[in-house]
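Single chain ahead, written as structure tokens, the form predicted alone.
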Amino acid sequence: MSTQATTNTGTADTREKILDAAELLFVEHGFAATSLRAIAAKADVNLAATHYHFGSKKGLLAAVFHRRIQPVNTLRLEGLEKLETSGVPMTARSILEAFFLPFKSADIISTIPGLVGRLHGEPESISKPILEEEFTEVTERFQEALAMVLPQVDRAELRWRFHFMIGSMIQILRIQSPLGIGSTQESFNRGMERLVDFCIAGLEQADLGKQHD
């Protein structure tokens, strides 16, 4: 292996070690209580390496989130594209099933809930820029698809309903069954099916937002 290839491999390994350590500490302690020094120590790298690769603690948090969310969004967009090119008329159900499809992956479910819950628990000044960076394209694509199959719903109202849908999704990712019911993979899977039904009922109604006009 060439010296350049060895250097590139070492750089990539260092970056991944920092991301792994940062994810663990951010989820466990939160953004404010986690220092770059603590992350460097956990990763067993020089503190300067965290600045070199990520620039700042906010940059590192954004990179941690991007690493886990990019595969989710890729699956969502691939699923939506298949629907759009299948020749079969789309429905609200088929669109939502494409949106929630990534959560059928055990690998995704093993890493996403804690990170999503922690980020949404951070102040909006920290969380919202990251969320907008990661989800704006996906949100716009899915809202556009939903608008086509739900012409009775005003676009502004649809944005609010989609926002509420995301809140419901976050809830089941963080707490995977109702209080008093044990959480299992089966209860989570059934919960996701119920979530689709719940969201469709809210999305399809024509007059929910009229009183707010």
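All values reported here derive from a predicted model rather than from experimental measurement. Quick note: we count residues from 1 along the sequence shown, nothing fancier. Definition used throughout: the rigid core is the maximal C-alpha set that superposes within 1.5 Å between two forms.
Not pictured, yet referred to below: the form predicted together with another copy of the chain.
J.: Classify E134 as contacting or not contacting another copy of the chain in the predicted complex by the rule of any non-hydrogen atom within 4.5 angstroms, answering yes or no.
T.: Answer no; every heavy atom of E134 is more than 4.5 Å from another copy of the chain in the predicted complex.
J.: My question is simply whether R68 lines the interface with another copy of the chain in the predicted complex - judged by any non-hydrogen atom within 4.5 Å.
T.: R68: no contact with another copy of the chain in the predicted complex.
J.: Heavy atom to heavy atom, is A62 within 4.5 Å of another copy of the chain in the predicted complex?
T.: The answer is no: A62 has no heavy atom within 4.5 Å of another copy of the chain.
J.: With a cut-off of 4.5 Å between heavy atoms, is P129 one of the residues that contacts another copy of the chain in the predicted complex?
T.: P129: no, not in contact with another copy of the chain in the predicted complex.
J.: With another copy of the chain left out here, work out from 140 to 148, 169 to 177, 48 to 56, 35 to 43 which stretch has heavy atoms within 4.5 Å of it in the predicted complex.
T.: Result for this chain: 169 to 177.
J.: What residues in 139 to 168 sit within 4.5 Å of another copy of the chain in the predicted complex, counting heavy atoms only?
T.: Heavy-atom contacts within 4.5 Å come from E157, W160, R161, H163, F164, M165, I166, G167, S168.
J.: Is R155 one of the residues whose Cα moves 2 Å or more between the shown form and the other one, with the core superposed?
T.: After core superposition, the displacement of the R155 C-alpha between the shown form and the other one stays below 2 Å, so no.
J.: So, superposing on the core, is the move of S168 at the CA at least 2 angstroms between the shown form and the other one?
T.: No, S168 moves less than 2 Å.
J.: Against the rigid core, is the Cα displacement of E144 between the shown form and the other one at least 2 Å?
T.: The answer is no, as the C-alpha of E144 shifts between the shown form and the other one by less than 2 Å after core alignment.
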